[in-house]
Structures are given as structure tokens and as C-alpha cells.
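Given as C-alpha cells, the chain that follows is alone and in the form predicted on its own.
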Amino acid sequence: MLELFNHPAAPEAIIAIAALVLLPVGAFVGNARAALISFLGILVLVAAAIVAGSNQLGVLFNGAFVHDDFAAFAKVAIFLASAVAIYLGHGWLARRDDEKFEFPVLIMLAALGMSMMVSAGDLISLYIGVELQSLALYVLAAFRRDEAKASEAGLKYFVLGALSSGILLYGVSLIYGFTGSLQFADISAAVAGGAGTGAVFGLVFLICGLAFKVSAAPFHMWTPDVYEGAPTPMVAFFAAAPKLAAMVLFARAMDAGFLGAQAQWSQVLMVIAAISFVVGAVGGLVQKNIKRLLAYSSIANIGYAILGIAAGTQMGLQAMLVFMVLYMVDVTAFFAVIMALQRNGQEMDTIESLRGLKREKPGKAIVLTILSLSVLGMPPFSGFWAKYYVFKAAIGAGLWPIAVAGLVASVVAAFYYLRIIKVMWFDEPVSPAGPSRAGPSWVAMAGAAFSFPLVLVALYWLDPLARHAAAAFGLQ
């Protein structure tokens, strides 16, 4: 029996079986037992994370499924982030008397799709993983369908997601037509001396489809509206685990399938990274809604992660993994603060609503200040170390002009984070703040503690794990 948990696909089997069991159980017991379904969903995801970090490595289904150190690292982070999302989302829905047993099941199915993405060994499994994740995310975006903004967010996400899936699939068909295979290993051999014109066109379409999934500019048009309209815990989930999964898939497709064409695709990625810096930094300057502001922040931060992949080195992949894990912690905690605070019965999801927070909720003001400085990249917080790894890898690969552009963009983006801090600490409150919510508060405080000083301890373990995972592709 224990040997089954050592199988390379054991994490996926655990989540798939649990989701298929919990869905009819939830339908039978109804929403009155949604708390139990959520609790079981959290246990399943934590168990899957433990198994993913300790089970046997291997390649299955004729190379379509690859469970290596790179995938194992990502799966542990994805499953744990998904478990936190269930915890935050259940409490948020319970406070609105809107608990639904489908919520944890959808999170589990999205986690299953993300797990397939990071283990994709060919273009078919890549597409299946992306679509399984995306279908669950579309429903989560419009989960509160009676709210106009949530329905609008879900519709926009679905329409633009369908467009990106079509672009992705067209790129897959071109790559297959000009290389003669869907397997990354065979494609890599076909483009070992550089990709031909047809394969390059297919690769560009593939990159564009994946860039949409990570909300990189100029394929970011869905991000601000979905972040603002979707329920806050769902947005906290969108901003964390799915981004890591898509970035890992991005790296696997480029380095496992098109390593021989690196000189061609790295130029495309550098352009996307540079545009993301500019759009994220400048677009956030005029935002008044915190969720929209974090949407533009995510666009800029994805640019930094893409820069790590564009380096085309083991250090670049290591930097991308470290960056995304640290970013996931910061952004999840940031959204948890928003969920914990309320004024006039509403979430403090605008910058104006944070006025005078230091006087009413000094502890929350300190937590939000730490997280703002961390996402900004101020030393010695975790965001600084995340960007340090990326810039070091980029400069080591000779991409110093793009690294300088990213540094300038960080300085520009500092304005809107410092504005949040200024409003909290120096402005007068507009109205009394309501009581804080305990669940999100604990998540926010844990995230702030991780940002500093626990990040210094975490990096002692995270750095060698990320280096070991990045070595799976055999890059220099």
C-alpha cells in the first residue's frame, strides 16, 4: 500500500480521487457541511504536498508526464498555497453566509491542473494541464454570480482565456507540423541547431499563449478587471499558485523543448519582461483600488520572473523559483490583510479606506507596511532577496540592460507602495474601523513574519532546494 504513495503520479492521484469523492459527497450533504468539505480539502492538499516532496521521481506515459526535482519543488509550493486559499476562502464565504461545498473542490481541481502543468513532458499534456486549471479558475472568478462585478470578471476571464487557448493551440499545431513531434525531447533534438522559420512562428504563438496565463504585458488586459471584480480570496489564489505553475511550465517548455533555439526565444522573453516592467510600474501609479493596484504590481513582478527564464541558465531558473515562492507568500499575505480589515461593513480595498489605520489598528498597519516594503523590494525584506536573485542571474547572463530597466521600474513602483504607507500612518481616519477578522489576520501576520526576519532562515533551506530543482535541465 505504501508503494502506491511512492509512485511518481501519486500526488495527482490523491487529489483527483479526493475531488471525485468530495464532489458527490458535497452534493449529498449540501452546503451545510461545506466546512467539513473545506477541512478535508485542506488535508488532501497538505498530504499531496508531503507526497510530492518525498515520492519517487520518474517519467510516465511515454514522456508525457515528468516528475523530476523541478516539478516536485513547484508542486509542494502549489499544493500548500492552494490549501491556504481554501482556508481563507471558506472563512470569507462563511462571514457572508454563502458557503458552498463546490469551492474547495474547484481549488483542488485547479491544483490538479497546475500539477499537470509543471509535469508536462509534451505539448498535449501542457495544453490539458492549462485547460484543467483555467476552467476551474473561470468558475472561481464568477463564484458569487449574483454580484455584477464578479460575473463581469468571470466573463472577461473566460472570453480572453478562450482566445489565449486558441493562440496556444495554434502554436502547438505549428510546432508539431514543423518539428514532427509533440514531445519536448524530440522537439529539442529537432531545433538543436536553431529553429526554422515555421517552428519560430509556432514558438512565438506558444509564448503568447503562456504569457496570457501569467498576465505578462502586453497580454495583461484581463488582469486588472478580474482582480477588482472577483471575490478577494479567489484573487489571492489567482495571484499565487497559478502564477507559479504557469512560470514553471514556461521554463519547462523553453528549456526542455527549445533549448537549441534559446538565442531566438530569449529575445522575445526580454521584450515581454521589459514591457511588463513599464506597464506594471506606470499603470499602478493611477490606481485607487488596492486590488487593481496589486494587479499591476503582479504584471511587473511577472516581468522579473520572466527575466530569470530569459537568462537561459541554471542560475536563472533558480532565481525564478526563489522569486515566485517569495512573491507568493507576500501577495497572499497582502490580500489576507485586505480580508481582515473592514470599514463601514466593507473590506478596506481602496487606498482611501486605509487612512489613519495606524491609530485604529496599529498592528495591522505594521503588517501592511512590512508587506508593502517587501513587495516593493526594500532590503532586508523577502522581496529584496527575490529581486536580488533575478538581477544577479540576468547580469550573469549578460542581460544587464534589461536588469537596469527592471531596477528603474522598481523605483517608479515604489511610489504607490509608499503612498499606501503614507495614507496609513499620516492621514486622518475617514470613519471608525470595524473589528478585524481572526483567520486572515493570522495569515497576514505569518506572511509579514516570513518577509522579515524568517526569510533569512527560509533562504538557508530554499536556496539549495531551488538550485537542486533548477539542475534538472542540466543547464550551465
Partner chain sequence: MVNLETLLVLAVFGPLVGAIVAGLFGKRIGNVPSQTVTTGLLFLSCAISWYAFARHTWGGQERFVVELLPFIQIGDFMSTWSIRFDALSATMLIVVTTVSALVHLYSWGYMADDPGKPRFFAYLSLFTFAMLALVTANDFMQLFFGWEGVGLASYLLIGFWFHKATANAASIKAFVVNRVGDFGFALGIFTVFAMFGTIRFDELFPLIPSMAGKTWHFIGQDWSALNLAGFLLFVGACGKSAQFFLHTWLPDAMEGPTPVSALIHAATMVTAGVYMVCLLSPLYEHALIARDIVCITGAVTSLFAATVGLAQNDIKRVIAYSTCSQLGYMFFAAGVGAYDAAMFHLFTHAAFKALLFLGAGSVIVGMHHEQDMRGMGGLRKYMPLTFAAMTIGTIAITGLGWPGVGGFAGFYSKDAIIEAAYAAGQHNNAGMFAFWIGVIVAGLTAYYSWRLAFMTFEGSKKWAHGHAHVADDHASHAQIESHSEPDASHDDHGHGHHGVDEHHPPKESPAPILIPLFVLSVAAIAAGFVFAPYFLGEHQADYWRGAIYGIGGEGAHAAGEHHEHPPQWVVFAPLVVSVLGLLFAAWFYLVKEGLAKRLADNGGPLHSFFYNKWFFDELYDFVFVKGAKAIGDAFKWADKNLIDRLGPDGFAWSSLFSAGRLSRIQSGYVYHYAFVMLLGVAGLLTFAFWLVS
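Note that the coordinates shown come from a computational prediction; the quantities given were computed from them, not determined experimentally. Numbering follows the first chain given and starts at 1.
Below, we refer to the form predicted in complex with its partner chain, which is not included among the displayed structures.
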Output flag, I14, V84 and F334 jointly within 4.5 Å of its partner chain in the predicted complex, heavy atom basis: no
If we define contact as a non-hydrogen atom of the residue within 4.5 angstroms of the partner, is I272 a contact of its partner chain in the predicted complex? yes
Any chance K364 has a heavy atom within 4.5 Å of its partner chain in the predicted complex? no
Partner proximity in the predicted complex: D225 to its partner chain, non-hydrogen atom cutoff 4.5 Å: yes
Heavy atoms within 4.5 Å of its partner chain in the predicted complex: does G377 have any? no
With its partner chain left out of view, which of V268, V172, A397, L259 would have a heavy atom within 4.5 Å of it in the predicted complex? V268
Tell me, out of T350, S164, Q314, T369, which residue has a non-hydrogen atom within 4.5 angstroms of its partner chain in the predicted complex. S164
Counting only heavy atoms and a 4.5 Å cutoff, which of 242-250, 388-396, 306-314, 283-291 contacts its partner chain in the predicted complex? 283-291
May I ask you to list the residues of 200-215 that have any heavy atom within 4.5 angstroms of its partner chain in the predicted complex, in sequence order? V200, F201, V204, F205, C208, F212
